[in-house]
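Heads up, the chain below is alone and in the form predicted on its own; it's given as structure tokens.
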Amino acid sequence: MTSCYVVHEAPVRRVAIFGGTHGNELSGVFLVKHWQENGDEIQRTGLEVRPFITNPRAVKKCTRYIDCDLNRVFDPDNLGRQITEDIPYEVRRAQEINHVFGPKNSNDAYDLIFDLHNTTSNMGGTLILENSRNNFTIQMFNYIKNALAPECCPVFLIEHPNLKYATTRSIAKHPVGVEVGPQPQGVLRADILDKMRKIIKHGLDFVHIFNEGKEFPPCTIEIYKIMEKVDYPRNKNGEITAVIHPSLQDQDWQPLNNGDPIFLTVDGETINYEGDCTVYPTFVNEAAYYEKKQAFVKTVKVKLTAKGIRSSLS
């Protein structure tokens, strides 16, 4: 008999793996192109798994994007925008992707999308969670974390009342971001590639086992919840006047306390963190976020509990 703490979830039948949302993040591009040629590794019984290059023009140029960030335009305004000659390429591309894998927030949308990203920050193999109430995704993340142990696999919750991302993967019923680093833009590293590949393997294994009828009991995982973005110090012209302090560089997911160094000016002045609680910075000195005026993101460590789940067809 199924416990009252277990909910029935629809089986996951259609899965997409996105690479190249940012065209200079090469691990996802490399893996997706490989799987398009030889997809045996990602196939599971009863699953349709589709590897897909999301921003082919940016991939060809090995640049983050052509006109605007594809990973920020999957909102109702852009998805419903009228097509004109001067519409940004990524907005038009978002509408095409939404047509194929969505529509967003509809029953016809893909069940699950893995969106593969690289970061120049020392984040390791990070899973990005968009909804703190998605029992299926939290259960999947718990499974992946256990499968990768003792290797660390942080979970980053980007749910926030004021910070809206409108990500490429958000068109799926279960959106999953995979962020692996450190890796320079336009570069491939074997160790980073291997981490990303393992995350996808374990994620697909979880889906297969779930579809086969395995019941997953309630679980609790530790996650890092976004608080706010922190910009670099700037002068009146908006120019950066300090860099990430050596004590903070490469210290993603490590505790940052009041009085700890965060920035260093060219003149050698240290700027310390001022806060009333311990935070855990991430995306520290991410190259792509200079244009977004973001030096790092402050997170707090919390626990999330998911209900037990079982496939509704089992």
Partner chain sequence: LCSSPSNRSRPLSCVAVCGGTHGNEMSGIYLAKHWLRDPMELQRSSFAVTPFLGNPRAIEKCVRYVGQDLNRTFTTEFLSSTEAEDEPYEVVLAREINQTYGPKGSAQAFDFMFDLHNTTASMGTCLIVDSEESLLPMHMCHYIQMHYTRSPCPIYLYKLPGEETYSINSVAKAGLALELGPQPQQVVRADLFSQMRDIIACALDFIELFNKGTVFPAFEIEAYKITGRMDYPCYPDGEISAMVHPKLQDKDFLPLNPRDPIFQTFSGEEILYEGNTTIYPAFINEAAYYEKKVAFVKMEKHMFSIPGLQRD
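Numbering follows the first chain given and starts at 1. Please read these numbers as outputs of a predicted model, since none were measured by experiment.
As for the form predicted in complex with the partner chain, it is not shown, yet the points below apply to it.
J.: From the list 264, 47, 42, 256, which entry has a heavy atom within 4.5 Å of the partner chain in the predicted complex?
T.: It is 264 that has a heavy atom within 4.5 Å of the partner.
J.: Looking at 87, 100, 187, 148, which is the one with a non-hydrogen atom within 4.5 Å of the partner chain in the predicted complex?
T.: Filtering the options by heavy-atom distance leaves 187.
J.: Decide whether residue 249 counts as a contact residue for the partner chain in the predicted complex under a heavy atom distance cut-off of 4.5 Å.
T.: Residue 249 belongs to the contact set for the partner chain.
J.: Using a 4.5 Å heavy atom cut-off, state whether residue 120 contacts the partner chain in the predicted complex.
T.: Judged by the heavy-atom cut-off of 4.5 Å, residue 120 is in contact with the partner chain in the predicted complex.
J.: Does at least one non-hydrogen atom of residue 57 fall within 4.5 angstroms of the partner chain in the predicted complex?
T.: No, residue 57 is distant from the partner.
J.: Using a 4.5 Å heavy atom cut-off, state whether residue 108 contacts the partner chain in the predicted complex.
T.: Flag for residue 108 set to no.
J.: State yes only if every one of 239, 244 and 290 has a non-hydrogen atom within 4.5 Å of the partner chain in the predicted complex; otherwise state no.
T.: Every listed residue reaches the partner chain in the predicted complex, so yes.
J.: For the chain shown here without its partner, which stretch in 192-200, 217-225, 148-156, 109-117 has non-hydrogen atoms within 4.5 angstroms of the partner chain in the predicted complex?
T.: Looking at the other structure, the answer is 192-200.
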